[in-house]
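The chain below stands alone and is given as structure tokens, in the form predicted alone.
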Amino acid sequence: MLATVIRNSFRPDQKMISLLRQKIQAIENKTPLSSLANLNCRKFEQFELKNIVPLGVPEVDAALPWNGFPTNGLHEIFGDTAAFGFLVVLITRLTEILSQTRHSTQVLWCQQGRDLCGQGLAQFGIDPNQIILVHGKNDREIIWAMEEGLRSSSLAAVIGKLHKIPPIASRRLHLAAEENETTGLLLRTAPSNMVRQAPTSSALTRWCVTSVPSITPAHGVGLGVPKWHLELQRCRLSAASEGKLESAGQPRSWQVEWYNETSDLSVVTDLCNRSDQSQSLWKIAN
């Protein structure tokens, strides 16, 4: 039995080749990309800057190579139950910014379990009506639903709560998020003694969030505000600016608190045996 093989002729994109050549030449000559004469290149640089959302915490924003949180890409958050809280904080900040620019604030949430609480989302400032909930039988179905959502270009963010993700699948998710200007968030929760998991190499940022004992209120009754140990374990060095290239790859951590009344995330300051000048708790992870 003979098989017929049909080969389509490959036609390279000459405009893209010209753009890549100019970028390579600019790197070799140490010339800023913004000074290139190619109009498409200038549009590309402006596009990158427009998709940065400040988190509202100067210490954390300054630690990121972009001076804020890049919305068009894939991010990974893992840890104990505190990771869920930090994820919701990111969604709150993202939808708040997008609502001012009249973009869609709908969020696609993909997971296996049915433990998502609408009342808990409302306490963090998220309207449950903004959530489109998808239940998958396994990680494979969740990854498929995430990719379809990221390619729709009509969502503010796509969240996937899963256990394992193949490297090829994570790369596909990142490319879909980057191409369609959508935020992709991977949530991987585990008990506090099992927070060390294999990283997702394609993610722009990787965060580890664990619970910290909160401070008892002044009246001495009830629980204090949520308090977390927030660690930025990784960010893409290729996206770092020249001035931040040396420090972009260093893991950094803070203790932060979330205030429901003001929807504010702030770094906890240590007031014991020190001046009253505020400072962040910077640590280098082992």
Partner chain sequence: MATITCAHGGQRITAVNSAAQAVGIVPKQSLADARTLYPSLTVHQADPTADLKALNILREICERYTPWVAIDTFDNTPSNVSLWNTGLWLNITGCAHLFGSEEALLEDLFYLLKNIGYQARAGLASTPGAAWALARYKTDPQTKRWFISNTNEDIRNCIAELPMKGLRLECDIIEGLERMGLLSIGDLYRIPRAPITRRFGKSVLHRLDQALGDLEESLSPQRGRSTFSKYLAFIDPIGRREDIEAALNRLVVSLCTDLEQANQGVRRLVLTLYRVDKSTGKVQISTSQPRRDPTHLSMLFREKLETIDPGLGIDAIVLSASETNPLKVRQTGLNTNSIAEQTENVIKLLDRLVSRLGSDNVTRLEPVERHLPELASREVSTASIPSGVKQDWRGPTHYPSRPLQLLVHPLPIDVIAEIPDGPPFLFYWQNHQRRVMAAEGPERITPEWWLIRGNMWKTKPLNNDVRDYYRIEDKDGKRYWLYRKGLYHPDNHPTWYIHGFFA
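Positions refer to the first chain, counted from 1. Bear in mind the structure is a predicted one, so any value in this text is a computation, not a measurement.
Only in words, not in the display: the form predicted in complex with the partner chain, which the text now covers.
- Although the partner is absent here, G160 is not a contact residue: none of its heavy atoms lies within 4.5 angstroms of the partner chain in the model of the complex.
- Of the heavy atoms in L94, none are within 4.5 Å of the partner chain in the model of the complex.
- At least one heavy atom of V212 is located within 4.5 Å of the partner chain in the model of the complex.
- Contact annotation: L133 falls within 4.5 Å of the partner chain in the model of the complex, judged by heavy atom distances.
- Between the partner chain and the residues L90, L155, I165, A176, the one pair within 4.5 Å by heavy atoms in the model of the complex involves L155.
- Using a 4.5 Å cut-off on any heavy atom, the residues of 137-164 that reach the partner chain in the model of the complex are, in sequence order, R140, E141, W144, A145, E148, G149, S152, S153, S154, L155, K161.
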